[in-house]
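Next come structure tokens for two forms of one protein chain, structure 1 first, structure 2 second.
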Structure 1
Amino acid sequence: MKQEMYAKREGFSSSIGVIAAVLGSAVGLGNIWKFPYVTGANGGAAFILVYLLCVALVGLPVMLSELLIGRHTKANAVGAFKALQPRRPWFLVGGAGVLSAFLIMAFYTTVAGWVYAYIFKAAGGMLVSTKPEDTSLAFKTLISGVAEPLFWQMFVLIVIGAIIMAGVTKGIERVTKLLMPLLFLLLLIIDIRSLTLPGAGVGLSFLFKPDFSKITVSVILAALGLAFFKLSVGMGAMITYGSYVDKNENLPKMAIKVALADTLVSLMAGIAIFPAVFAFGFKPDAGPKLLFIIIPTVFNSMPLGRLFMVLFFLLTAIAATGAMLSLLEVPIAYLTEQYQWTRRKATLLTILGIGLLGSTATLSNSLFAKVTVFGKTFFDFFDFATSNVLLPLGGIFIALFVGWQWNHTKVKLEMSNGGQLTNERLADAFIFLVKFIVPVAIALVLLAGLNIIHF
């Protein structure tokens, strides 16, 4: 019965399709919105170095762990752990992942809504100033409204709901395959403009000249959390996507390619933003609004700026949409496989749940501005609780599972596609990392970053 169900699963249709989908999950608001603002808030270059270390030594191994688990079991985040370890509560790791997907989507759809709104504002000529006061005011007016940002959030949810109901291959592949090269090209154009602004040098040294005195435990936790968020790992999204991947795919190679490409996009977004931050007299630690107040100034100081600005927000919206599809796929695969819900029912109810939860994030700048959870607004709480707590926690358990619970011979067989690839050495290094380094490193950073232990 189970076997039959899994046999019927739709998969990604080609190797390019898989990379596009996994990259489509990784690249999103994380690169274009979050990476710059978190880098700005944590002091720049030194933070970026720590971030790169987190990606290579922690994020990448967890990503590979998830892909291996997913492809091996051909199941959703919960079902995968149940299949591999039926008698122990490891499936709770998948359960926490489903919860994380809701929490991330709650604030992700808020920001995606702002991006969708900016497409129209840019097109309508409402963002034509290069003055910090003007671009800040335009953004503040949008987010402190009630009906307008809620409308855009619901709009986003309807768009992704429609795409999801069209199915795995058709929906996800088509959207993501087309867009990556275009987004890349546009970022390149903005980078050139930003780098040639008078005073751009200050922004460049902010990005690339590290000041190590800026590194504190909370900075390290922010870098680690961002690495998880960026690579879409720690909550079973890559287990779910891995379950659609063909058995001949070279998973380690794919994970490395995705992490490299993703990091490149983040750095390019940084180069687009920081020279302009300093050239136009903004502050780098402006927080979540950074992208929205800086980007208009860059475009407004270049020829055809308005056209390019519309294109930029459009491509960012599409990238965000690809990322959201992977987030949604976690609860949807769970509900359809574990409870035999139809895809339609699972999609509709998931989206409804996210809409309800997410509206509290959207209203964090207006009606609920004074309502706090652990001293944070709903928006900040969802963001912090997922990136800086739940994803790293998920990462610890996913690594521990592969390092200590899963038979190493089986791990190596899965990693080498049943012995077809020769990557024994790499596999040994990987197992060593997930067995010792990854869980210990995350645990220390998490405990210290949350002030539970002190060095």
Structure 2
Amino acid sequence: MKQEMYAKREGFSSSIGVIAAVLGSAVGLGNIWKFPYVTGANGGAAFILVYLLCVALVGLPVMLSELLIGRHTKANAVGAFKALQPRRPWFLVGGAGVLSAFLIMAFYTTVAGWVYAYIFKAAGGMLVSTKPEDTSLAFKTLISGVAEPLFWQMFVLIVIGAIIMAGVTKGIERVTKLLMPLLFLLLLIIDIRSLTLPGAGVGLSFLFKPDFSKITVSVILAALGLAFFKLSVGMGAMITYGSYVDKNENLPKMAIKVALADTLVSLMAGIAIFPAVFAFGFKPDAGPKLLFIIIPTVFNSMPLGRLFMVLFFLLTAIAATGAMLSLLEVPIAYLTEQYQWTRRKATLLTILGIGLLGSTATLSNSLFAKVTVFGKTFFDFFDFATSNVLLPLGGIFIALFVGWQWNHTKVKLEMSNGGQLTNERLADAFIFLVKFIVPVAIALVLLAGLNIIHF
């Protein structure tokens, strides 16, 4: 029965579709928002070099592990582990991934709602000011409201839900094949504009001229954490997408392409932001407020700034959309396969659940501002529980599973497409990393995130 059910599953129809979908999952708000401000706070170019090394040694091996598990089993995050280890509780790792995706969507849709709202605010001239105090007030007014942020969160859920209901090929693949090239095009346009600003060279120097004195243990740890979280791993998304990939796809090559393209998007976002930030005298380590407070101020300081501000928030919304599609697909795949729900039913009930739970995150700056869970607002709690606990644990156990539990001969066969590809040395290096390097590195991220260790 299981084999018959999985045979009827949808899948990606082309290699380009696979790369677009997986890249859409990896590229998210983290590229446009988190990568620039973490880079700014940790010294620029030197941090980027450490980050790239961490991607190669940690992020990429976990991504490839998930893709291999998904493609080998042709199952959802929970079903994949049940298929590989039916008599052991490894399915809990997949269950944690489903839970993580659901909880991330609860607060991610809040931030995505702000981004969607800023497209219209920028286009409508509601963010026209060169003073940070004015853009700060506009942002605080949005997030401290009730009806407006809830409306935008539900708008986001309806958009994502409609795409997911269309299916893997006609929904996820078709949309990401359209959005990813558009994302690169918009970034390129803004990069060109940013580079033509007076004083842009200082921003480029900050981004690409390394000062190795900036590298500390805390910077390395920050790079490790960012490399792990930036590739959408530890939450079952890559297992789910991997299950839709054809058996003849070169997974190692595809994973490397996605990691490189994801890093390119982050660097292009940095080029879009830092030259402009320096050109108008702002600080590169402005933190999370960089996106909603500093960026509007920067764009308002340049000719045609309003147009470029609209384009910037449009590309940010595109990045968020690709990531949310993969997040929502994790519970949808689980519900349709484990409980035989229709895709429509699973999608409607899931977005309803996310909307109800996510409303507590959206209202964390207004109605529920004084309601806390372990001393944190709902928004901060969902963020902390996933980023600092569930995702690192998921990453560790996925690495341990592939490195120590899954038969290495089978791992190599899956990597080589049943012996069709010659990548024995690559497979050996991959197995070494997931056995020894990845679990230790992510454990450090976990312990630091829980404030158990300090540097």
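For the two forms, the rigid core is made up of the largest set of C-alpha atoms that agree within 1.5 Å on superposition. All of these numbers come straight from a predicted model, not from anything done at the bench. All residue numbers here follow the sequence of structure 1, with the first residue given the number 1.
- Shown first, as structure 1, is the form predicted together with tryptophan.
- Fitting the two forms on the rigid core leaves the C-alpha of Ala45 displaced by at least 2 angstroms between structure 1 and structure 2.
- Remark: with the core as the superposition reference, the CA shift of Asp191 between structure 1 and structure 2 reaches 2 Å or more.
- Annotation for Phe278: C-alpha shift of 2 angstroms or more between structure 1 and structure 2, rigid core superposed.
- Look at Leu204: with the core superposed, its C-alpha moves 6.3 Å between structure 1 and structure 2.
- Relative to the superposed core, Cys54 moves its CA by 3.4 Å between structure 1 and structure 2.
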